[in-house]
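Next up is one chain by itself, shown in structure tokens, the form predicted on its own.
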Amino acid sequence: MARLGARLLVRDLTQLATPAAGPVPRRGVALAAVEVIDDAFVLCVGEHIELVGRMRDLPAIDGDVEELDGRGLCAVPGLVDCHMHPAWGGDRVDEFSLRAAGGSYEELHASGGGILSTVRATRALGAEALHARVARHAGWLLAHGTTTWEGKSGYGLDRETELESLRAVRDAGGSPTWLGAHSVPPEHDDADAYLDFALSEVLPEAARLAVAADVFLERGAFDATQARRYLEACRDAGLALRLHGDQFTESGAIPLAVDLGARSVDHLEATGDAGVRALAASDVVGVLLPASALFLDRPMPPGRALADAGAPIALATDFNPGSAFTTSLPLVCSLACTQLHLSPEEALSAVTVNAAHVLELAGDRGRIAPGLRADLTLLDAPDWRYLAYHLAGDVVAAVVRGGSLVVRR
């Protein structure tokens, strides 16, 4: 945390790039509106930004100020990961090997692998180890330039592990989402019986710990009727709404998200033209997870079609042990440009201001501007577009979070 009144001057930056001011979420031509300042500085006071500009316009600063030499570096806003799963035990490396040999994700899930194998490992982990695991994953995110992140539960699917997962996300500095409807655990006969339990026994306390609720609306998980029941109960308890949707099949996720006014619908690998049009006509953000599609060898979501139609979009890692084992938003930006055919400018907005909007934080972060939170990701590069251009590169040189230097290579 920045000391109250402490000042940090990030000076002599080669470039500073930030989404331009304007309404959120960004869509259409506004998605690509990025302001670039050469030879720039950022003055942080406490946890917020005081001044931004060119070095030639830097005023005299009296009193104590810590200086960070930005020569050779480019600054972008602290990255925002609006979809990830940090709370789990064990790993899925055996499953990874089986899938590499030809087994599909759905087949492994149906045979007791997939989500349920991680449920078993997470339940066995214990509270202290679960908190340590989430804290470790938060450190991985920070090293890749992510200063704000959402963390889902969903690998406990019992009362105590779900609630402890939300506490672990909160304590590690994340925004907790209750993914209480991720899969049906083996102790319940079917999805409806499990929802009876989850909504009566877990939701009341989950609503006090979480800020949002999520559901996996997909063949083999929860159908649209069950997802509506779950989401309406969560909305009535005061939670914002999210959906995993159209990952493998179009099963009604987008119409449900639009009807309920969900904050986002995430994945969209199976979304067709009608779904693109429906999102473009709504305020629901389509969160695209290209690392997951790559990891599972699935079709990529229609990022270019969504952007061209004017749909609001964001990008995220989907970090989890089974289908997207990465914490790198720079890698996601590379995939967005090379596989989804977004521009570097569109990708930057999608991992900053639009991702912050999904988390209801765009009024505070996601851009570099006076009055906003002092979250900066500094790139060891001559051009800010190396964020996407340097594929899987060690491009993050330093991270400022809340006005304090927290990572420096």
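One-based numbering along the sequence shown. This one's a predicted model, so the numbers in the text were calculated from it and none came from an experiment.
Keep in mind the form predicted together with a further copy of the same chain is missing from the figure; the text below concerns it.
At a distance threshold of 4.5 angstroms between non-hydrogen atoms, residue 93 is in contact with a further copy of the same chain in the predicted bound form. In the predicted bound form, at least one heavy atom of residue 143 sits within 4.5 Å of a heavy atom of a further copy of the same chain. Not displayed here, a further copy of the same chain is approached by residue 341 to within 4.5 Å at the level of heavy atoms in the predicted bound form. Contact annotation for residue 328: at least one heavy atom lies within 4.5 Å of a further copy of the same chain in the predicted bound form. Contact annotation: of the candidates 383, 57, 360, 66, the single residue with a non-hydrogen atom within 4.5 angstroms of a further copy of the same chain in the predicted bound form is 383. 100 is the sole member of 193, 100, 274, 132 with a non-hydrogen atom lying within 4.5 angstroms of a further copy of the same chain in the predicted bound form. The three residues 171, 174 and 235 each lack any heavy atom within 4.5 Å of a further copy of the same chain in the predicted bound form. None of 330-338, 202-210, 274-282, 182-190 except one has non-hydrogen atoms within 4.5 angstroms of a further copy of the same chain in the predicted bound form; the exception is 330-338. Using a 4.5 Å cut-off on any heavy atom, none of the residues of 155-184 reaches a further copy of the same chain in the predicted bound form.
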